[in-house]
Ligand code: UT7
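First, one chain by itself in structure tokens, the form predicted alone.
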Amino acid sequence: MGSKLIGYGSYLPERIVTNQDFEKIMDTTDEWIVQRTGMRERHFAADDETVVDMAVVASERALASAGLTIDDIDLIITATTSPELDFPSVAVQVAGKLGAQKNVPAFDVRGACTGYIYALHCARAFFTSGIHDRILIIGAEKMSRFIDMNDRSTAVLFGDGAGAMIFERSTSSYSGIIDTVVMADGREFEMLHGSTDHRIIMNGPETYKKAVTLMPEAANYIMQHAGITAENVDWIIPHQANLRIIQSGAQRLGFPLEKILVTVDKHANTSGASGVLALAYGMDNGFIKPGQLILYPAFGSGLTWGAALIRV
């Protein structure tokens, strides 16, 4: 048993925060930010706009894309690390706001920036076992909640948004979620974590070293496991954390830059929403076409890392 992608949707908040906006409130420049991160702008949710609100809009658009209603879905998985409430899960709240009538099971996955791959990993297992037929997978983050405007090294890095994909069970094992690999090493969590007062704590140089090593390792592993090479992959959608990380990873993998989909300049780092937002952007703008093979590697707090292989 496999799966196939039958719908997708995304949502970005209306407010756009540019590098020039940061120049007005802290000791930084557009040039400094672009050179070190590749970021030029990011979206910030309104004060009264929640992770659930964003996830609902992305899900509604995914359902419309698939020609379905929420009661056609039999499982909801949300990747998020920034929910406003400790409980219940964002996924359960999304089901409620979408008006689900059939008691659809729903749960969240907290894998930080690797969260969406963890969610895809769970969905793939459910499809393989034959337990579920249609799964809505959401990535939604309000990272602006954690931004410390006194810390210029992290304040410029993050943005908000949500994306969703719907997969349906299929007899093909080489469509939809083809393969996933996820890993974690909790011994080094202090390298990148959230503090008790809800700030982002990051050792930038060490995080960079880990990301440029572990993301390509995960990508290579999944290609070897699937019996393919870089030539077989149409697009690589890396986690959009930093342009230099993306370029270094592409070089290590031997991928030409024209096969790398980059949205970090437009969205910044949206954590668990990053990959699905980039995929939606690529499909909306005609870069990614039905039938193409997508490789999605990611690295995040935990430390967590992994990769997914998807045929759209």
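Source: prediction; values computed, not measured. In case it trips you up, residue 1 is the first one in the sequence shown, and so on.
Absent from the display: the form predicted in complex with ligand UT7. The rest refers to it.
**Student:** Looking in the predicted complex, is ligand UT7 within 4.5 angstroms of a heavy atom from every one of 208, 211 and 245?
**Tutor:** Per the other structure, all of 208, 211 and 245 touch ligand UT7.
**Student:** Want to guess which of 154-162, 222-230, 182-190, 79-87 is within 4.5 Å of ligand UT7 in the predicted complex, heavy atoms only?
**Tutor:** Contact-bearing stretch, as computed: 154-162.
**Student:** Considering 122, 104, 202, 178, which brings a non-hydrogen atom within 4.5 Å of ligand UT7 in the predicted complex?
**Tutor:** Selected residue: 202.
**Student:** Quick check on this chain: which one of 47, 258, 27, 284 has a heavy atom within 4.5 Å of ligand UT7 in the predicted complex?
**Tutor:** Spelling it out, the residue with a heavy atom inside the cut-off is 27.
**Student:** Are any of the heavy atoms in residue 263 no more than 4.5 Å from a heavy atom of ligand UT7 in the predicted complex?
**Tutor:** The answer is no: residue 263 has no heavy atom within 4.5 Å of ligand UT7.
**Student:** Using a 4.5 angstroms cut-off on non-hydrogen atoms, would residue 40 count as touching ligand UT7 in the predicted complex?
**Tutor:** Outside the cut-off, so no.
**Student:** Does the 4.5 Å heavy atom contact test between residue 91 and ligand UT7 in the predicted complex come out positive?
**Tutor:** Close contact is absent here: in the predicted complex, residue 91 is far from ligand UT7, nothing within 4.5 Å, heavy atoms only.
**Student:** Is residue 252 part of the interface with ligand UT7 in the predicted complex - any heavy atom within 4.5 Å?
**Tutor:** No, no contact at 4.5 Å.
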